[in-house]
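Let's start with one chain on its own, the form predicted alone, as structure tokens.
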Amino acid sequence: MFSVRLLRILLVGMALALSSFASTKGAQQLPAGWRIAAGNWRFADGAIFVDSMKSEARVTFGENSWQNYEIEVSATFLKVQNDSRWLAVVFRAARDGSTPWSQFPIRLKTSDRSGSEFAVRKDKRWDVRQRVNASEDSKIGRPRRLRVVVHGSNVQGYLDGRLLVESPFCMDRAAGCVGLCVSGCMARFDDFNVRHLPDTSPALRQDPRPCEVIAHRGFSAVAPENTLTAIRKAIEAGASGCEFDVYAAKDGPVVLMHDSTVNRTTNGSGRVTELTVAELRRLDAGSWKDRRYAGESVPTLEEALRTLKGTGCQAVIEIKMDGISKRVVETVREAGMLDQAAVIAFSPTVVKEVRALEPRLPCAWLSGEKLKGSPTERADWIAARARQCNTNMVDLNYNMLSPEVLAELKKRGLIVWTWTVNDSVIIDGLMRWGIQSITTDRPDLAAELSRHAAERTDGSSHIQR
């Protein structure tokens, strides 16, 4: 690890390099310590310039052993391919440019839903772990001040002094160098500096603990969501539970469908509630995913429960509309599956109804709120909503969680599930924190990680109610 004194020496060296530059065959060299990983970079007039209108470009600075730090730089868009193009501060990177690396980018249209992000570059894809928007767009020729604070697995990204990104999921590298990256633009970077922060204490690393694995809409990564085939594949993948979404058809029976219309996942159109079961059955709910699933039908809740019964895979029923709680509960009772089913819903009214109709049926309140405040304040807010729903179970978007928030929720006697997590690094991290259930599009991957955790701890898991 580098010391504060060593870092100051590095920064002094960089400052000297920024005051003058060498030239070789007309090419203006970057200051000492910088390394080009990709793209066309140059140094002039005390600033670093990059021209990468048609591709990505990246430079790195520092050492792979650097762990915790604060980075600041003034960044200016000079020209862009389009409003979605971006420039970024890179952190927890490798000097040789290899993946993974993390970054805090801003787009020219910074007010868009994904105007800023916390993203991790994998081998052939981006894993975007948080999307946020700024109050105003960036402008050509106007500098913006970016600041990134990295400590342990926590990262904070600031734009012009305002906190935009905050995540506890900077987990892909425990240490790494810093840098800059752009895509589809020309840009200028001034006043780059990096300040050492104390290293993370060498506390004993918590081993991952096994948890429940809930297949999201069935094994939706490989099969058409909310179909019997997706349910069967979830069972085969070793999922401990299978989540699916339900609406009521026009003539009463409860059917599986995520959207309020059939437009996206079938060859038909119209609202689910305005189509009869017979009309729904005539639709092709599989071809949109792959031609081999042509003819897959829209199943009823009764058919889904029958497919799961006795398999050891729990039915996790997300109620998507008001007014059908009684029908769902009655269907579960008639199937004899009160001990092999759970209900989840964003609607507090639905959760309260299910709890009143059948206290033996586990029911979790779903939430994806963007919360602020301390871990205690966030846990207090979540626990209060759970009490209002008369439940001790919550199912939260994983971005609502941190080790501290999860610990506070458990102190309040809550069972905590989370959704929808497909990255192995985050799944592993959540299991280290002690999450009780993870909903995922990749139940095969999550189940394997949970099995390995169980083997290490010689433990077994069960769905907590």
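All residue numbers refer to positions in the sequence shown, first residue = 1. What you see is a predicted model, and the numbers here were worked out from it, not measured in a lab.
What follows is about the form predicted in complex with a small molecule, which we do not show.
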- Query: Considering the small molecule in the predicted bound form, which of Trp419, Trp433, Phe49, Tyr69 comes within 4.5 Å of it through any heavy atom?
  - Reply: Trp419
- Query: Which residue among Arg209, His258, Lys289, Arg188 has a heavy atom within 4.5 angstroms of the small molecule in the predicted bound form?
  - Reply: His258
- Note on the structure: Within 4.5 Å of the small molecule in the predicted bound form, heavy atom basis, the matching stretch of 237-245, 294-302, 107-115, 77-85 is 237-245
- Item | Site test, Ser325, Lys352 and Val394 vs the small molecule in the predicted bound form, non-hydrogen atom cutoff 4.5 Å | no
- Query: Quick one: is Trp381 in contact with the small molecule in the predicted bound form, heavy atoms, 4.5 Å cut-off?
  - Reply: no
- Task: Verify the contact flag for Thr439: yes if a non-hydrogen atom of it lies within 4.5 Å of a non-hydrogen atom of the small molecule in the predicted bound form, no if not.
- Result: yes
- Message: Would you classify Arg92 as touching the small molecule in the predicted bound form, given a 4.5 Å non-hydrogen atom cut-off?
- Response: no
- Message: Even though the partner isn't displayed, in the predicted bound form is Lys320 close enough to the small molecule, meaning a heavy atom within 4.5 Å?
- Response: yes
